[in-house]
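You are given C-alpha cells for the same protein chain in two forms, set apart as structure 1 and structure 2.
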Structure 1
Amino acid sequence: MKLIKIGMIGFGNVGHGFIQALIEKRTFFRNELGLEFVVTAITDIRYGTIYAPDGLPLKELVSAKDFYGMDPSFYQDWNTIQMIRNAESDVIIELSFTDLKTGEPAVLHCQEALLSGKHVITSNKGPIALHYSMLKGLARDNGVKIGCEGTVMSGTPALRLATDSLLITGISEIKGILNGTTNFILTEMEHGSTYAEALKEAQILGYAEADPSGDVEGFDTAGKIAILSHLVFGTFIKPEDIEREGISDITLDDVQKALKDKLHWKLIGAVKKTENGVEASVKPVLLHEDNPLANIKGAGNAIQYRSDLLGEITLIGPGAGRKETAAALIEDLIHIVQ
C-alpha cells in the first residue's frame, strides 16, 4: 500500500467535498489502486492550522464547519507558508479564494509548495490563468507536478481531453458555456425567476464565486478562456485583456421573448487561432434550440473543440459545485501519484 500525505489550504465548500470524496472512495483506492490517502494538515485563513502527521480524522472534519471543536492537540501556530514547509505532506491541495487580477495568495502558496518538492493540485483559476508557465517550470525543476483540471468545468475532464488526446489532432477553435452560475441564472429565468432570485439560489447552491460579480460579469469565463488558451494553444492572454460582456443586463423579459422564438441566451466564451495570433471573447449569445449548446441547463457546462482531423467535438458535464470540483481534485491526485 502506498501512503500519500496531503496538506490542504482552504476549508470551504470544495475542501469539504474533497474530504467527503476521500472517505467515499477509500475502499476503491485501497483495493483497486493500492493507495492510502491521509490529510495531515489543513490551513484556513479564518480558522488557523490543524496538523496530525499520521492523519486528521476525516469523518469528524467533513461534518465540522470550522476547527474549533477539534482535538486541541491538532492546533499548530503555523501560517499557510509555514504549514506548506513544515507539515509532512507529498501533495498540497490549494483551495484559497480566486483572484483573477493578481492570482494571490494562491500563486505564492503554489510556488512555496513546488519549491518544497511537493506536488500541487488546485481548482483556483488565478494562479493557472496568470502564471501557469512559471509554475509548470518550477514543478519540472523540482521533480513534482501541478494538476489544475478543476479550473475549467470542475470534474468534467475538459482540459485533460484537450491536452492528453485532442491536441495531436490539431485544435483550432474552442468555445463553450464555461460558467455554471450564469447558466443556472439564465435557465431559472426561462422558468420565470427574476435575475436576483436566480442569483441568490446559485449562491445558496454553492456555484457562485465569493464575489458573484466574477461570474455574472464574465470574469470567471474569461479566466477559463485564458487557461484554455495557455494550456491548449500555448498562448498566454491576460483574463482582463479578453473582450468581455456579462449577463447582468439581460432581463426576464429578454429571456422570455427569446424563448417564444425558440432562442436561448447563453454566456459563451471562445478562443480561436487566427493568422494574427489568438482571438478571445466572452459574451451573451442567442442560440437557436437546435444548437447543442442551447440545451445545456442549470449549472451544466459544455465545451466544443474544433479539430483539424476530427471536426467538432462537444463535451457536456457539470461545471461547478462542491462534489463536482472535488472530483477534479481526485482525478488530478490519482494521475499524479500513479
Structure 2
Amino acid sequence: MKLIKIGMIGFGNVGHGFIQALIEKRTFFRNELGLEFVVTAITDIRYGTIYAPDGLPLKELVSAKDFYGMDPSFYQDWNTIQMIRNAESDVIIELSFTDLKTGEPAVLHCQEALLSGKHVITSNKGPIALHYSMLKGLARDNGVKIGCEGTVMSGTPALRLATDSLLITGISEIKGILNGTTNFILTEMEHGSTYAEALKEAQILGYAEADPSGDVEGFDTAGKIAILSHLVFGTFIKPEDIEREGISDITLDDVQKALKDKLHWKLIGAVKKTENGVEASVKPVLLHEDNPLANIKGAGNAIQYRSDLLGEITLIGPGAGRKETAAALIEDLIHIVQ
C-alpha cells in the first residue's frame, strides 16, 4: 500500500467536498489502486492551521465548520508558508481565493510547495491563467508535478481530454459555455424572467455572488480561455487582454425574439489558431438550435474542440460545484501519484 500525505490550503466548500470524496472512495483507492491518502495538515486564513503527521480525523473534519472543536494538540502556530515547509506532505492542495489580476496569494503558495519538492494541485484559475509556464518550470526543476484540471470545467475533464487525447489530432479551435451562472441566467430568460429576476434567482441558488460582475461581465470565462490557450496552444494571453463582452445588456425581448427564430443566446468563450497567431474572445453569441452548445441549459457547461483529424467534438458536463470540483482534485491526485 502506497501512503500519500496531503496538505491543504483552504477549508471552504471545495475543501469539505475533497475530504468527503477521500472518505467515500477510500475503499476503492485501497483495493483497486493500492493507495492510502491521509490529510496531515490544513491551513485556512480564517481558522489557522491544524496538523497531525499521521493524519487528521477526516470524518470529524467533514462535518466541522471550523477548527475550533478539534483536538488542541492539532493546533500549530504556522502561517501558510510555514505549513508548506514544515508539515509532512507529498502533495499540496491549493484552494485559496481566486485573483485573476495577480494570481496571489495562490502563486506564492504554489511556488513554495514546488520549491519544497511537493506536488501541487489547484482549482484556482489565477496562478494557472497568469503564471503556468513559470510554475511548470519549477515543477520540472524540482521533480514534481502540477495538476489544474479543475480550473476550466471542474470535474469534467476538459483539459485532460485536450492535452492527453486530442492534442495529436491537431486542435485548431476551442469554444464553449464555461460559466454556469451566465448560462443559468440566459436559460431563465428563455423561460420568461427578466435579466434582473434571473440574476436574483441565481444569487438565491448560490450560482452568483453578491457582486456577480466576475461572471456576468465575462471575467471568469476569460480566465478559463487564457488557461486553454496556454495549455493547449502554448500561447500565453492575459485574461485582461482578451476581447470581452458580458451578458448584462441582453434583454428579455432579445432572448424571446431569438427563440422565435430557433436561436439561443449563449456567452461563448473562444480561442483559435489563425495565420496571425492565436485569437481569443468572450462574448454573447446567437446559436441555432442545431448547435450542441445551444441546447445546454441551466448551470451546465460544455466545450467544443475542432481538430484536423476528428472535426468537432463536444464535451458536456458540470463546470462548478463542491462535489464536482472535488472530483477534479481527485482526478489530478490519482494521475500524479500513479
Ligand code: HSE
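Along the sequence of structure 1, residues get numbers from 1 upward. What you see is a predicted model; the values in this text were computed from it and never measured. In this text, rigid core is short for the largest set of C-alphas that superpose within 1.5 Å between two forms.
S.K.: Which depiction, structure 1 or structure 2, is to be taken as the form predicted together with ligand HSE?
M.R.: That would be structure 1.
S.K.: Would you tell me if A208 moves between structure 1 and structure 2 by 2 Å or more at its C-alpha, with the rigid core held superposed?
M.R.: Result for A208: yes, a 2 Å-plus shift.
S.K.: Tell me, please, whether between structure 1 and structure 2 the C-alpha of M189 is shifted by 2 Å or more, with the rigid core used for superposition.
M.R.: Yes, the C-alpha moves 2 Å or more.
S.K.: On a rigid core superposition, would E243 pass a 2 Å threshold for CA movement between structure 1 and structure 2?
M.R.: It does not reach a 2 Å shift.
S.K.: With the core fitted, just quote the Cα shift at L252 between structure 1 and structure 2, in angstrom to one decimal.
M.R.: The shift comes out to 3.5 Å.
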